[in-house]
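As a starting point, one isolated chain is supplied in structure tokens, in the form predicted alone.
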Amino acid sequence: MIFLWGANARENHPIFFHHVLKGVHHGTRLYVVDPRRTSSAQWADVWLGLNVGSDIALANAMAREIIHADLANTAFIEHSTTDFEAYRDLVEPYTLELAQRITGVPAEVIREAAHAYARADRAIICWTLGITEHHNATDNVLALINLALVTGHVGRYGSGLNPLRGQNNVQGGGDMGAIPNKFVGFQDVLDPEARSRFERAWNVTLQPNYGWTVTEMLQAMDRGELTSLYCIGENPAQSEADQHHAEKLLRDLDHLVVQDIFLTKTAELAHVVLPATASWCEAEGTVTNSERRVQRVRKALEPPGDARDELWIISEIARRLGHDWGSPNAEEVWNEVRALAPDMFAGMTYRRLEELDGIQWPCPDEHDPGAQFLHARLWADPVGLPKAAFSLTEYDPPVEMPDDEYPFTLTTGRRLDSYNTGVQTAGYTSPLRRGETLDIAPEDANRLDVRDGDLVRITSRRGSIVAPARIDTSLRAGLVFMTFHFQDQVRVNLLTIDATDPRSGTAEFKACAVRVEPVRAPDDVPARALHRYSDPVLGD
């Protein structure tokens, strides 16, 4: 059994979805939890079309039903977990009837999904931004982890929890310490032993403080505490929520450096632009995929023009700041990573990575084949410490709920043909591509007297934009959908709210309240909006 929970993998992770379909064709049951009846949901045995932001209520109700039906894996719970009694008390009020009122999913469907998940021989829950782009993103994830712990669907082959990575090498970025509270190998910055290991290797004193998330950086800019920014491969001028505010903060910086392979909107605001290589084909190194497999990347092409290898750029900046690292190559950097995070990577020499076509971490020595799946320690006797703790996650609705003034909920996402803010995809043709639209349910379109292609104005408490309407039968009344692929034509992130999860720093891109009104007079339309459905490559 596979749960795609807040994950439209058919469009956002199409290669992975081919593997899902192989399972479906061989008898795997597919359940999709999503406010929209997406193209992924169309392949599902069961679609749970919940209200935006009600995931915790659904997960808690499923757990309560599993416990009451005596389907909980009590042996695993007793052997491998802690805090179950407190969790059982927490989910007790989440009856099927309450969950139906909160989520909009029929009680019987919730019950069937809970029983099917608990009874499955092997079951996996996969999630993506539909879970994490909320003001309570961390609790959303913990609620899904709780479900796996109640049933024992973790730490075994074919059972587990799988956050699908939305961008190439996101996992590798985390592995290398591109997280404000972790060093390489997910070693905690506040751990004195870990900190001293890096201090000795680098001959520096490291502050025992967590860094800022992107959201916290923006807040620090607002306070005047962060005045300079070095931005590598990111386009916050178009990707951040409440875009007017984000762009102002970037413009007001004393010094902005952007290192990228494209002249993005953020780079256009920069004081210094450093043209980088496309690392996947113009540089040496490693990449980690979604299943933790570290693989070699080999240089195939020379970079164009003045573009330079990012390792060279960073080394040269260090040299100019008084720290001469020499001219390290990618393998030398990787060997330092192996030395500083031995429990994770010590056994992954370049030679072994090539011989084995990649290795899954952890791989602590050169005789270890790597870990095919994680958390097997939870089934060991005695159990590997620490045990897995249940988390106490209460339902918390979106920050902005629909009201009389803003009666619609806007949720955002991606489409198969395009990617994020369009920087990497807008310059290429696609027979699937269409310009930005406001996707709206047929019932709402009828009530507003709007037809396909009619211009509508979408207004939130932060801004207003104009886009053509597109009637979409996958949507329920009251829910509208847009992407952020065409920010040059339709600046969707002017609408979105910058309410963020305090632990992960992610903004609530999946829910904000908006008003939708037909645009009847051409004079009411910004000039650029008249061209917003012209594809930059394909034309009108």
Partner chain sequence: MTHLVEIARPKRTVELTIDGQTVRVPEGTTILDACKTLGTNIPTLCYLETLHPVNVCRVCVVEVQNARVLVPACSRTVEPDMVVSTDSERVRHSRKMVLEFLASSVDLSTTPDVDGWLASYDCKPERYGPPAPDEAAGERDALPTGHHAPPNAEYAATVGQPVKVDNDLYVRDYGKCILCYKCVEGCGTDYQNTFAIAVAGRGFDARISTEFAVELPKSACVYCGNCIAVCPTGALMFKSEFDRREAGTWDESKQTQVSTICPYCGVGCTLELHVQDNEIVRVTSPLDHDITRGNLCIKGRFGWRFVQNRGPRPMGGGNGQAGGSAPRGGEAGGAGGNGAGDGHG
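Residue numbers count along the first chain shown, from 1. If you're wondering where the values come from, they're calculated on a predicted model, not measured in any experiment.
Below, we refer to the form predicted in complex with its partner chain, which is not included among the displayed structures.
Asks: Quick one: from 349, 424, 82, 73, grab the residue that has a heavy atom within 4.5 Å of its partner chain in the predicted complex.
Replies: None of the others qualify; the residue that does is 424.
Asks: Exactly one residue in 335, 100, 289, 219 has a non-hydrogen atom within 4.5 Å of its partner chain in the predicted complex; which is it?
Replies: Spelling it out, the residue with a heavy atom inside the cut-off is 289.
Asks: Is residue 271 close enough to touch its partner chain in the predicted complex, meaning at least one heavy atom pair within 4.5 Å?
Replies: Residue 271: no contact with its partner chain in the predicted complex.
Asks: Indicate whether its partner chain has at least one heavy atom within 4.5 Å of a heavy atom of residue 322 in the predicted complex.
Replies: Judged by the heavy-atom cut-off of 4.5 Å, residue 322 is well away from its partner chain in the predicted complex.
Asks: Can you tell me whether residue 11 touches its partner chain? I mean in the predicted complex, with a 4.5 angstroms heavy atom cut-off.
Replies: Yes - in the predicted complex, heavy atoms of residue 11 and its partner chain come within 4.5 Å of each other.
Asks: Does any heavy atom of residue 195 come within 4.5 Å of a heavy atom of its partner chain in the predicted complex?
Replies: Residue 195 lies outside the contact set for its partner chain.
Asks: Heavy atoms within 4.5 Å of its partner chain in the predicted complex: which stretch among 448-456, 131-139, 410-418, 73-81?
Replies: Correct option: 410-418.
Asks: Does the trio 19, 298 and 430 actually contact its partner chain in the predicted complex, every residue with a heavy atom within 4.5 Å?
Replies: The answer is yes: all three residues contact the partner (heavy atom, 4.5 Å cut-off).
Asks: Just give me the residues of 358-375, first to last, that have a heavy atom within 4.5 Å of its partner chain in the predicted complex.
Replies: Contacts from 358-375: 362, 364, 368, 369, 371, 372, 373.
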